[in-house]
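We begin with a single chain expressed as structure tokens, specifically the form predicted on its own.
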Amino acid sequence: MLTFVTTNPGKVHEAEEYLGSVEQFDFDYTEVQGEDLGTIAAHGAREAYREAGEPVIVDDSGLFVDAFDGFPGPYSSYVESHVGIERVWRLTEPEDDHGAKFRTVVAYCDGEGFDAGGADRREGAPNERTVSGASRARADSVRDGDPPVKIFEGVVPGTIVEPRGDGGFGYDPIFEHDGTTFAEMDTEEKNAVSHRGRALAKLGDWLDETGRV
């Protein structure tokens, strides 16, 4: 059984579409501060695995605005709660570039090593180099004895626009993909293009190939 460490049952429902049976585990793991989603999710996955003692997945997501060099990125939740999505739109509006991306990383940990790729290897980022089983950017954060973590990334490109739509949550009203904001999509439409869904699909393919769960 694969355990999704989250307080959001909607994420579990989405995960089941790609992974089959998934158990929700409400565990308040430490969310470290950092500029890389993978670092944050990997730390959470290791901590959650130690608590659960079984295969776990942890996800972390962010909105990366091109005009702001990817900010707010890993700080998206903080910026949303303290600044608000309308102010993010107003800050972006005068810029020439309104491009943005939603990114999600899903971190998998089962306490075992990996035959190929090693720990903290990011699926979907072919240009990322690795050092002794950990990405160069994260090598210093992995301590001896830490269980390995596999990272899967999903990305959806879009545009920052004036808020539209009554659905979704977070930045959905200001994120437009193929002419429609995430807040204007129903759950089925959004899940079909979801950044989280894309990461979960990569995880699902890898689990099938390796027979891990």
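Counting begins at 1, following the sequence as shown. All figures in this text were calculated on a predicted structure; none of them were measured in a lab. Between two forms, the rigid core is the largest collection of C-alphas that superpose within 1.5 Å.
Just so it is clear, the following notes concern the form predicted in complex with a small molecule, a form of the same protein that is not shown.
Site annotation in the model of the complex: the residue of Glu51, Asp146, Glu35, Glu31 reaching within 4.5 Å of the small molecule with a heavy atom is Glu31. Taking a 4.5 Å heavy atom cutoff to the small molecule in the model of the complex, the contact residue among Pro157, Gly170, Gly165, Gly70 is Gly170. Of the heavy atoms in Ser76, some are within 4.5 Å of the small molecule in the model of the complex.
In the model of the complex, the small molecule sits within 4.5 Å of a heavy atom of Phe102. Residue contact check for Glu80: one or more of its heavy atoms lie within 4.5 Å of the small molecule in the model of the complex.
At least one heavy atom of Lys190 is located within 4.5 Å of the small molecule in the model of the complex. If you fit the rigid core between this form and the one not shown, you'll see the Cα of Thr159 move by less than 2 angstroms. Gly70 shows a C-alpha shift below 2 Å between this form and the one not shown [criterion: core-superposed Cα displacement of 2 Å].
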